[in-house]
Structure formats: C-alpha cells, structure tokens
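In the block that follows, a single chain appears as structure tokens, in the form predicted alone.
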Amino acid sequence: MKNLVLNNISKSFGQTNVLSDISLEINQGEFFSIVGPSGCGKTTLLRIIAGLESADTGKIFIGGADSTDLPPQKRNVGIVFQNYALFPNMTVFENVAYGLSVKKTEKNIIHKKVRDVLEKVQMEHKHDKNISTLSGGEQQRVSLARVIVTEPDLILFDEPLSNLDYSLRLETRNELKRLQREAGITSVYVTHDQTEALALSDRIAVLNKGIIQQTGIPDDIYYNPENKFVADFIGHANLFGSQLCSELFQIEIDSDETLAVLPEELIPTDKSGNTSCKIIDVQFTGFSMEYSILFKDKIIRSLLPSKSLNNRFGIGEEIGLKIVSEKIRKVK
C-alpha cells in the first residue's frame, strides 16, 4: 500500500527553480531517505509534504487522501526537527504529552501513552526532568517520542542527527531505526550524509538541483549508479574518461562514457610498464587506510582495510593501479 504519493511537484522561489517535476511513491511502513548536497531542494520538498510550504504544481496524497491543500495540522504528519524544537520550560513528560494535550485527549490516556513511548525510547526514568538538563542525544529521543506518541500516518525527519557528535550519531541512528521498525510508521528522512542514508533506508532518492537523479534500494544506488553525479556523491567513485581508462587500465570505453570505480575497488600495486602514479597522501582512519594518488593532473582515491597486505606504500612512491571489481561500471 502506498502511504505517500507525490505527483509532479515543482517549486520556484522567484526566478530560482528549486524542485522540478518530483514524483515519488512511498510504501506503508517504509523508511525512505532523500539525500543530496546542500541547496538541492530536499528540505523544501520535506516542508511541502508537511504543508509548511505550498507547491507551485503537483499533488500530494497521504494515506490515499488528497492532502495538497490541507493545512499542516490536518495532515496527521509528525516532524522531527534538526534543532529538536522542544519547550525548555517543560519537563520531558510535558513535552511528549503536548501534542496529545492539544488534541484534548483524556488525561489517563495521555499518561499511559506517554509512559509507554518514553519506555520505548529509554527515557522513562527522566520523565520529570527539565529539558535543559538533558544531553543532545537525550533531547533527540524526547523529540522523537513526542512525534511517535501522536500516532501520525507519516514521520518527516529533517537532518535530525546533524547536531550530535560522531559516536552519539551512531548510537542514535541505530535506536532510530529500531523504533521506526517497531512503530511501523512510514518515514521520510532528509539528509546530506550518504552513510546515514545507506545505513537507515529501505529505499533512497538522490536529489540534485531539484531533480531526482535515481531512486532505489541502498545496494543498487551504491553499486549501480545511473549517472556520474550519483556515482560521485553516493560512492565517492573515481571517474575516468576514455583516455584515462585506456592509459591506466587498458580498458576501452566510448568517448561519451565514464568509468566509475569505487575507492575500495582500486588497489595500489608495484609500478609496472611506463604508466606510473604517485602517492601524495596517506591517511589512517582506524579500520581503513586512504590513499590519495596522482596520475597526471588527476587525484585518485583508494580505500583499503588498514591491515591489508597492500598497505605497504608511502608518500612519494610511484605505483601502479589495479581494479579488483568484477563489474565494469560505465556511467554518463
């Protein structure tokens, strides 16, 4: 069952075209991410779904009902904001209960629902604490609980983890996915973080300059990009034109094609023949070793497990390069 359908959504601000003919169908209970660089239109699209902005053209259907002209309060959509948007003068319980209180829900029902959802997000023990005493991760959990407790048809996430430090982002990301699965609420997640989108999503739409570049499951988006933008943005792939392909790998492609090779698919080797590359930087990141390699005027990235036997090269060394992928990935 389709829980959210967007038909031909377009939006401009003055002479600037922000969204162009966006059409998406998102299934009931699906975790769907919209990912793209800053300024690509993803937050504007989220605001249009929520009813905080109006589209110039197109239709929005939520739960099968035409919601295009409905005000935000009548769409039964919950929003988890980047800045949490919690009331600092209220306790955790009061913040989570706020939406139910506005709906004039009976007090005994409010009490039970709030306690239940606080237990799910592991914040029940802090129900009487003031928001200002909580850490960023705890505030994020309260923000999510406040949305879940109202049982919306759809939850919209506007880069909710961007204010957290790295370890807390990982912890909260896992918690977010668990809660979404348990609640079974259709979720649309907006982020510029490719890793976050790949880890969380059932499906992903890649957006650039207001146009959807590709939609698919994470594996497909990563390993089978449909164009150069997706290959570069999602997988940080190395892009080689026909001449470089021939010189470096003895692979022939058409002049209008580009070979996309993921960093983990490129292995530095001992120099062989007349073609040589030079290592210009090596970075140890824990699990992996990242090589920056110069060939002519092109910088090439190679990413290997830090304990790999191939990690024996240093800055300034001349090397060869080998593709280890089973797939020759051509994009345009």
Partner chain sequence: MKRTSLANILLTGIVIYFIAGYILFPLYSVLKESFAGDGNLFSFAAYKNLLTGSSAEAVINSVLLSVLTVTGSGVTGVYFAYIFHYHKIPFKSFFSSLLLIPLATPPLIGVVAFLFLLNENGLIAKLLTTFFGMNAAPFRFDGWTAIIIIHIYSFYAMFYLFASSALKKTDMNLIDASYSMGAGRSRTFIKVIFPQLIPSIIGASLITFMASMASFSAPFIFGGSIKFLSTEIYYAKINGDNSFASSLSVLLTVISVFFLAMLRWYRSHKILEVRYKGSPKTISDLHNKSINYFSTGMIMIFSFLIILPVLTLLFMSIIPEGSLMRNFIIEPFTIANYTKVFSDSQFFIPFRNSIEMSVIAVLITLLIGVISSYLIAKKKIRGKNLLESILSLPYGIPGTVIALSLILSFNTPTLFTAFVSIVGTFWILPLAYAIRNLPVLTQSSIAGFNAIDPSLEEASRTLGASEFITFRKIIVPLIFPSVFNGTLLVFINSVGEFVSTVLLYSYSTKTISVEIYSQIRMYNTGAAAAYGILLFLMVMIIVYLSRRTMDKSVGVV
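Residue numbers count along the first chain shown, from 1. All of these numbers come straight from a predicted model, not from anything done at the bench.
Keep in mind that the form predicted together with its partner chain is not shown, yet the notes after this line are about it.
For the options N89, T195, S162, T133, the residue carrying a heavy atom within 4.5 angstroms of its partner chain in the model of the complex is N89.
When you look in the model of the complex, the only residue of M289, I267, I279, A50 with a non-hydrogen atom within 4.5 Å of its partner chain is A50. At a distance of at most 4.5 angstroms from its partner chain in the model of the complex, none of the three residues L303, S308 and G316 contributes a non-hydrogen atom. Contact with its partner chain, judged by heavy atoms within 4.5 Å in the model of the complex, is confined among 234 to 242, 184 to 192, 98 to 106, 253 to 261 to 98 to 106.
Taking the partner from the other structure, its partner chain in the model of the complex has a heavy atom within 4.5 Å of a heavy atom of A85. Remark: V77 counts among the residues lining its partner chain in the model of the complex, judged by a heavy atom distance of 4.5 Å or less.
When contacts are judged by a 4.5 Å heavy atom cut-off, R141 does not count as touching its partner chain in the model of the complex. Though the partner is left out of this view, T150 does reach within 4.5 Å of its partner chain in the model of the complex, counting heavy atoms only.
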